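Before any questions on how it binds or moves, here is one chain, the form predicted on its own, in structure tokens.
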Amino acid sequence: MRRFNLIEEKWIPVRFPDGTRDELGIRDTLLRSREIAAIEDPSPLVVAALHRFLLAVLYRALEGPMDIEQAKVLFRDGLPGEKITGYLEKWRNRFWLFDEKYPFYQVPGYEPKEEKGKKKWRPWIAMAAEHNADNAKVLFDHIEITGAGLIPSSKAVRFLIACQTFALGGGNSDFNYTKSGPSATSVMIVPLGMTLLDTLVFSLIPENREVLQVDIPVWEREPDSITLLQQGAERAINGLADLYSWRTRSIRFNLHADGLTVGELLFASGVACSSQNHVDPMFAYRIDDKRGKLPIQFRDRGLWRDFDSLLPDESHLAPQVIEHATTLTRSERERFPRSVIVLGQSNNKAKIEYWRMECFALPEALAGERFIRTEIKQLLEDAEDVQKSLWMACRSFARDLLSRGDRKPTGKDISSFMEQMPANSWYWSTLESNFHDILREYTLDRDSDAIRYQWLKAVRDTLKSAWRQHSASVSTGDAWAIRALVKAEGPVLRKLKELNDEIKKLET
């Protein structure tokens, strides 16, 4: 019994330029991509996964691009409707969400175990990182683990694709030990065009002919057998369509009796990735002294403090999608991506700590000939260096305040005291808004010294305000606190003098 074909059914959430929203099938999303502003969903994980899924469809439907010239033709002329329609019609039978032989992205023949004469299904929340599940607890989510209810098929397929992209490893399943998806723990970058057409073409990185021939997405493959999955399936990545549709988990939906909704599913390990050091075009990389080239991940600080890693230069560590978008728009600068979104999750081993989407202006200067990565890295290093003076002052204050009498505070005591001081967190949060403004200053004709002058003034004023606020908070304290404050302000005053001297040089 077939139900819910993803080609025509409405399930991809889109926003149009006039602000209206709708859900579309694969065919309408791609054929009307020039009319659509963006893909939007409350979950950043769903947004990232849907972009990757649509790119996988395009690689197969277009059989390319194989080089930059083909990519430029797509950017100039748009997506060829006949090729897309023909491809989707050819593989129509593989896009049924419910089908006995080829259920989309699921494992046919995967049957539930029986316990006490009852088949053991799991609630649908097992695949949704945004909701409570057996091994995950989400604050403010009120869905009951044992009574999650039903969700429409359109929502189920969105969670299914996001789960296959972002599932984390840890623990044994019905089949085997579960491993993370090949791209599950890194930050994904998507340059946004004025329309969805531009956004997709920006990320359609050329693949050579040999790779394209073996780059098979999950829906074109014969389903992995239960026996193979139980033995621990593992293979290498063959290309981007393969990577963007990796089967990280073995899932099978149990269609509710109404024929429209899903309440239960089966959930086990999928196919492990054996590729080492594969390059994902949506990732930014850094060089680790011991481990070599590593993708950027979300940390306990805002990604803006690592923003230079998103910008191209001769090291080629930036996301390929940014370099590709810059190349495509060099002859049509009015279509240069004005913003970029970074999406993903932070994890501690097998536990998700948070998921996030951040949006940045993409500096227009990238469309020119000069590399601005070095310039922006210098601005961020300026901010880090100045913050060290604030940190030293706060540490001095904490140490002296805790050293009443004969007490000698430990390093842990001092660190704990500093954690409740708002000065450092206020410094970074205030500078973040200034940094977003600075990115917009990087136009094609703006002088870099003028931008640095503006930035250093913002950093100086932020440092001064952070220390002033801290001073005001202890000004009504006892003599011991006042004495500790006066002794602590040396590093801040010295840094303010250095900044004033630097700013004065840039004024001349």
Partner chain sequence: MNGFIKWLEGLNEKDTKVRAVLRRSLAFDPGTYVPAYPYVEPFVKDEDNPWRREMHYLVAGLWAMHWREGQKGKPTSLGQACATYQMASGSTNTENRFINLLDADPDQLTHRLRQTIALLKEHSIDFDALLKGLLYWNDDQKRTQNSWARDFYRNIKHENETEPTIKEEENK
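Worth saying up front: this structure is predicted, and the values here are computed from it rather than measured. Residue numbers count along the first chain shown, from 1.
One more form of this protein, predicted together with its partner chain, exists but is not displayed; see below.
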Residue stretch of 113-121, 191-199, 391-399, 154-162 approaching its partner chain in the predicted complex, non-hydrogen atom distance within 4.5 Å: 391-399
Contact residue in the predicted complex, chosen from 95, 428, 298, 175 - any heavy atom within 4.5 Å of its partner chain: 428
Contact residue in the predicted complex, chosen from 106, 387, 309, 326 - any heavy atom within 4.5 Å of its partner chain: 387
Touches its partner chain in the predicted complex: residue 256 (any heavy atom, 4.5 Å): no
Residue 494 within 4.5 Å of its partner chain in the predicted complex, heavy atoms: yes
Contact test in the predicted complex: residue 305 vs its partner chain, heavy atoms, 4.5 Å: yes
Contact flag, residue 450 vs its partner chain in the predicted complex, heavy atom cut 4.5 Å: no
Residues within 4.5 Å of its partner chain in the predicted complex, restricted to 455-469 and counted by heavy atom: none
